[in-house]
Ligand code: NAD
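Presented as C-alpha cells, the chain that follows is alone, the form predicted on its own.
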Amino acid sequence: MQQYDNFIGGEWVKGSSYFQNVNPSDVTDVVGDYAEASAEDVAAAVKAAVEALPEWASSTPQQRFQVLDAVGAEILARKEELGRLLSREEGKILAEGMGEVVRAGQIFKFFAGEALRLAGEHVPSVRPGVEVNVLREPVGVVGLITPWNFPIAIPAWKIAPALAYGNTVVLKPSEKAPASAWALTEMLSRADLPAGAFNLVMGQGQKVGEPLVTHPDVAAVSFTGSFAVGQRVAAACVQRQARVQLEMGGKNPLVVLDDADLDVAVACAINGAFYSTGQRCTASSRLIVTESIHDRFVERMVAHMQRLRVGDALDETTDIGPVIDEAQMSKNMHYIELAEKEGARRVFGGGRLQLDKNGYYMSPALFVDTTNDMRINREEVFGPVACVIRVRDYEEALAVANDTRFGLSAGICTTSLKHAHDFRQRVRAGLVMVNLPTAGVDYHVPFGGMKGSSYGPREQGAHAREFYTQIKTCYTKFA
C-alpha cells in the first residue's frame, strides 16, 4: 500500500504512524496510508511558514498570479483523474466529484486574477499638504482546517486567497478524506513557491488541529466543520487575539408555497436534500410546505425518491453514493429512530442497504407530520434525511424558516414575485435561493451564513480579502 507523507518546509516528511483512507463505497478498497502528524510536526510547519513569510509577502502580483493560475490549470486538466479519486475517497458520485474538482480549478484561477486586482486607496486628507494611502497587507501565517465533505473545493477556497494575498499556509484536511488535499499539495509542491510557504499536516483534530489553532505564530485560522468544534476554535483564537473565520453548518429550510411549480419544487427538494448523500452544510433538511399543496408535494417526492439509485460512487448509473463512514451511518440511524420516537412518520427510506459491495449505503429518508420543535428539525443530521413541515400560509412558513439557531442557506419555491422579494429581504440566512436548491453556489461570490452557521468575514469571491488581508493607513506630509 502506498504511503503519503506530510509536506513541511518544502520537503515530504514521514509520519511516525499512518492511518488508512478507506473507500466508503467498498471498505475493502484502501485508497492509501496517510501520515499522522504530531504536535512537533505542526510546530515545524508553522516555523517553516514563518520563515517563508517575508519572501512570499513581498512577492509581486505577477508571481502570485503565475503560481495560482498554473495550479488551477493543472487541476482542470486532471479533472477526470482527480474527480475519480475524490469520489473514491469521499463517496460523491462521479459527476459530483468531477464537478467539485472543476470548481477547485476555477477558484485557483479566480484568485490568480485577484492577486493582480488587489488595490488600496489614495484619499485626500482633511489637512492641507497631507496625503493618505490605505494599503492591504498579508495577515501572516494562516492555519486552515477543512472538512471531508468537499475535500478539494474547500481547501481550494481557503488556500487560493491565502496565497493570493501574500500569506503563508499550514493546511490540516480531514483525516476521513485526505487524498484530494494531498493531491492538491503535490501540485503546490511543484509550484514556484518559497519552501515553507505552503505546508500540509494530516491527522486527527485533537492531535493536529488543536496545536495548530493554539500556536502563537499562527495569525489567523479559517475553520469549516461542526458547530461544537467551531466554538472551541473561536475561543482559542480570541484568547490569543488571532483572527478566526468559521463555517459551521446549517438546518436549511426550503419553503414551498401553494403557487409553486410543483415540478420545480420537487426537483429543488430532491437535489438539495439528498444529492451528495445529504452531506452538505447547505442541504435542504427542512421542507416547509403550505397545506394546500402539501399532500401532492409529498406524493411527488416519494415517487421521485423511488427512482433514485443508491450505489457505488464510481458507477456512472448511481444517483446517491454512500455515507462517509460507520460513525456517520450510526448518527443517521440514531436521528431516524429519534424522529419516530418524537412522532414523525417515515413515508420513505431511512434503512441501511446491503448491496453487492460492502459499503456504507442507506436509503434516503423522508418524514412527514413533523413540527419545528422536534430535534430532527433542530439539529444538523448531515445525511440524506429530510422532514416535511406543514404550515398554513407564507407568513407561518417564513416564521418557521427563521426559527433555527442556524442561518446558512434558505430557499423558496414560488411563482409570486411579491413573496420571492419579501422572502429575500426577511429570511435570516446568508444564502437565499428562489426556485433553486439550497445547495449549489458560484465560486466568484461570497459564501457564508448568519447566526450559528458562520462567524467572521465571508469566504470566496473578492470578499475573501477581508479575512486574508489587514489594513494599514499611511499619512505623508510634503514639505
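Numbers follow the displayed sequence, beginning with 1. Every value quoted in this text rests on a predicted model; they were computed, and no experiment measured them.
In what follows, reference is made to the form predicted in complex with the named molecule, a form of this protein that is not presented.
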Tell me, yes or no, whether Gln204 is in contact with the named molecule in the predicted bound form, where a contact means a heavy atom of each within 4.5 Å. yes
Any non-hydrogen atom of Lys92 within 4.5 angstroms of the named molecule in the predicted bound form: no
4.5 Å heavy atom contact, Phe447 to the named molecule in the predicted bound form: yes
Check Pro138 for me: does it contact the named molecule in the predicted bound form (non-hydrogen atoms, 4.5 angstroms)? no
Can you work out which of Leu86, Ala401, Val142, Ile145 has a heavy atom no more than 4.5 Å from the named molecule in the predicted bound form? Ile145
Under a 4.5 angstroms heavy atom criterion, identify the one residue in Gly105, Gly349, Gly407, Gly225 near the named molecule in the predicted bound form. Gly225
So which stretch, 129 to 137, 149 to 157, 73 to 81, 356 to 364, is the one near the named molecule in the predicted bound form (non-hydrogen atoms, 4.5 Å)? 149 to 157
Even though the chain is shown alone, can you say which residues of 210 to 241 have a heavy atom within 4.5 Å of the named molecule in the predicted bound form? Glu210, Val213, Phe223, Thr224, Gly225, Ser226, Val229, Arg232, Val233
